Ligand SMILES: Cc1cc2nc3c(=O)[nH]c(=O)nc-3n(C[C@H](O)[C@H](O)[C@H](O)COP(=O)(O)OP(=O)(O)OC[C@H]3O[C@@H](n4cnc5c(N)ncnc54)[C@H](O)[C@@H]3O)c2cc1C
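A single chain, nothing else alongside it, follows as structure tokens in the form predicted alone.
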């Protein structure tokens, strides 16, 4: 198996991985913003020392990169910076993503340009303060739908009083625990005016000053240390915190001198969707980071496997990659990385209106599908795919993958975190399935005779037929079961609660079909070398979804053996090119050296 890491990258493949934008000069600037020294930490750091260094690096990166407002206007550039950060250090990615998309982003999008919002924006753009998010509350699920933290208008001052009613409404998780790091938070709170709840709005609030001290009215309770994603987690309680009118990121809403309230959103429900409209930037970042760490993990597994011999009695001194299980793991990881890279390229080119969507699908579990259903769904799919691939790479790297370097464990922690963060994956699946069942701004795949091309598993037309047919049949069955339950007198909760497993499978089938369509487009427009590696991704998809495809009657018994045979043929075709496929990722050498500690590297 051609696995020497010294092979020069294929220019076309490397170009596909980089994407059309940003250009070479900007790419170089972004790489300089996250230099190779950021890819490791010194030994003997306490947890707080580790976090302080992360923030110091974030400041350096922010000052070296283009201004935050420019990055937010250029999704490919922002994603390129965040991808580099994710490969270097998931904690750096997380704090950087919060800073740009969930703190600076809402201030720019919803702010009015008045002095308070301007001061918060300038502190973040200058990296004098770091962005944090105060959205979810610790005591209730789906808390973002109706935060118990309130912002009560104070007619005497024109400002607001932010209040956490009890510890169950404490904002958590937040990245605010470090006692010496200045923080500016975007706080999601229910605006109360005239005794009425007016919807969920965002407030820009300094929660730690220049010296890290919390102001009166802000109580920060550090959470226990964790190694999953090493950030300074804390719960935050707002205890009658008075903020000026300018802290309100009103997004066009206003309170007139006579006390009357006006909101262009039209209703509290529509206001919630508008306030959550910052999510697409987050989803693009998470999808891009998922692709980046999958590429890094695949490169690490290849580096571990290349040239490694085995001493098993079946075939002593046989190369490790002669064994099908290891060969298919290495090539499968590369295939997953290329597929996720195709998805990332797709979403970076996708434009979401700066205005809150008008007429997105109704949602029952979370507001995310109403903001951008497909982008939220692709975020859920990308994090699952990355988690599965990173975990496989760690296992197939043996002891070095677990103990010789923290990188694979850190990548796995990042993917696990974002299966819940940035919109919980299961809630996204449920709302997607609800829209599918109700045909709410959703059109099922058309029923066509098939499979085409005599069922040739090398044909993309066959993969797409299988994905579309499975999605259509699942949707029809889900709609029938929910409809029958409702017809028998079941309330909506009972009708859906009894079908959540089918709902998740149905939405997953939709995500699978979207991903395969994106991969098909990439294979058609990309370099010829991309076709076989994305074919392997499709064959692995068939293997993973075989139970559902068989259960839906899309494929006959015995079909899985054909999939395995086609996968073996594709792996034989790709094995001599493994190094070329990995070299196109252009990973820093520090990433692919899991045992560098032995040589002091």
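Positions refer to the first chain, counted from 1. It should be emphasised that the depicted structure is a prediction, and the values quoted were computed from it without experimental measurement.
The next section is about a form of this same protein that is not shown, the form predicted together with the ligand.
Between the ligand and the residues 365, 496, 465, 442, the one pair within 4.5 Å by heavy atoms in the model of the complex involves 365.
Checked against the ligand in the model of the complex, the candidates 133, 370, 276, 511 yield a single residue with a heavy atom inside 4.5 Å, and that residue is 133.
When contacts are judged by a 4.5 Å heavy atom cut-off, residue 391 does not count as touching the ligand in the model of the complex. Put simply, residue 201 is far from the ligand in the model of the complex: not one heavy atom of it is within 4.5 Å.
For residue 127, no non-hydrogen atom is located within 4.5 Å of the ligand in the model of the complex, even though that partner is not displayed. Proximity of residue 296 to the ligand in the model of the complex: non-hydrogen atoms within 4.5 Å are absent; the residue sits far from the partner.
At a distance of at most 4.5 angstroms from the ligand in the model of the complex, all three residues 144, 229 and 421 contribute at least one non-hydrogen atom. The chain is drawn here without the ligand; in the model of the complex, the stretch among 119-127, 325-333, 245-253, 167-175 whose residues come within 4.5 Å of it by any heavy atom is 167-175.
Residues 94, 98 of 73-111 are found to place at least one heavy atom within 4.5 Å of the ligand in the model of the complex.
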